[in-house]
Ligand SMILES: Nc1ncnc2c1ncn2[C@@H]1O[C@H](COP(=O)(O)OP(=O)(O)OP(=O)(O)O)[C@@H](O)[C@H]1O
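Presented as structure tokens, the chain that follows is alone, the form predicted alone.
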């Protein structure tokens, strides 16, 4: 009997900015096809860890292993190539481009046309463009934005911009999707729809690492929870286990059974 290897392994990762310790000895792993919630108070180091995984910041000490290969300090575009994609706390779209064009940009690592292909229009270029367009339209339908392909992305309601950013991240066909506060700014109905979408993404075989302040959403959709506080991991386990952990209650959740703001 064989045991499936973790998709992502964080091994004793340390990060400091000047004399300020942001992360210390962080260790955990993600199983393929799972949703893991990464929670903790403001300043706990959640987004810093996202930035290390996605290559925005270099790792000072420790290892990050993806699909059995070390990826410590690799560049963001290289990580997208191998299957890691992300969204951001603040929506980052090409606001003057259409919804469809934003998703097509997200496919650039999975196409081979390039500058010369675009200029010389080799026979295979038209076929590749057709496939890219078809996949983009499928993603729009998947996230619930079908019918809005030709709209300018900057003119979309904020909730729809969140969905578009997720669709663009999925356009690179990632194995691992990092979602950084995807429910920020959404109303209750939009948040419920987002939770359903994240579960649909998992059903497509994509592993999800989620940073989210909405505890109801995080606990409802996550298979596993990792808790950070002041740059250290203080707990991990199932949502039920973490909610009952005294360290977590003290550091983040407040009194038992009461939802608190991060």
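Predicted model only: the values in this text are computed from it and were never measured. Positions refer to the first chain, counted from 1.
What comes next is about the form predicted in complex with the named molecule, which does not appear here.
From the list 36, 29, 48, 236, which entry has a heavy atom within 4.5 Å of the named molecule in the predicted complex?
Checked against the cut-off, the match is 48.
Which residue among 129, 190, 181, 101 has a heavy atom within 4.5 angstroms of the named molecule in the predicted complex?
Going through each option in turn, the one that passes is 181.
Do residue 89 and the named molecule share at least one heavy atom pair within 4.5 Å in the predicted complex?
The answer is yes: residue 89 has a heavy atom within 4.5 Å of the named molecule.
May I ask you to check whether residue 42 falls inside a 4.5 Å heavy atom distance of the named molecule in the predicted complex?
Output for residue 42 is yes: heavy atoms within 4.5 Å of the named molecule.
Spell out, yes or no, whether the shortest heavy atom distance between residue 22 and the named molecule in the predicted complex is within 4.5 Å.
Residue 22: contacts the named molecule in the predicted complex.
Taking the shortest heavy atom distance, is residue 224 within 4.5 Å of the named molecule in the predicted complex?
No, residue 224 sits far enough from the named molecule in the predicted complex that none of its heavy atoms falls within 4.5 Å.
Need the contact residues for 189 to 213: heavy atom within 4.5 Å of the named molecule in the predicted complex, sequence order, or none if there are none.
Only a single residue, 213, comes within 4.5 Å of the partner.
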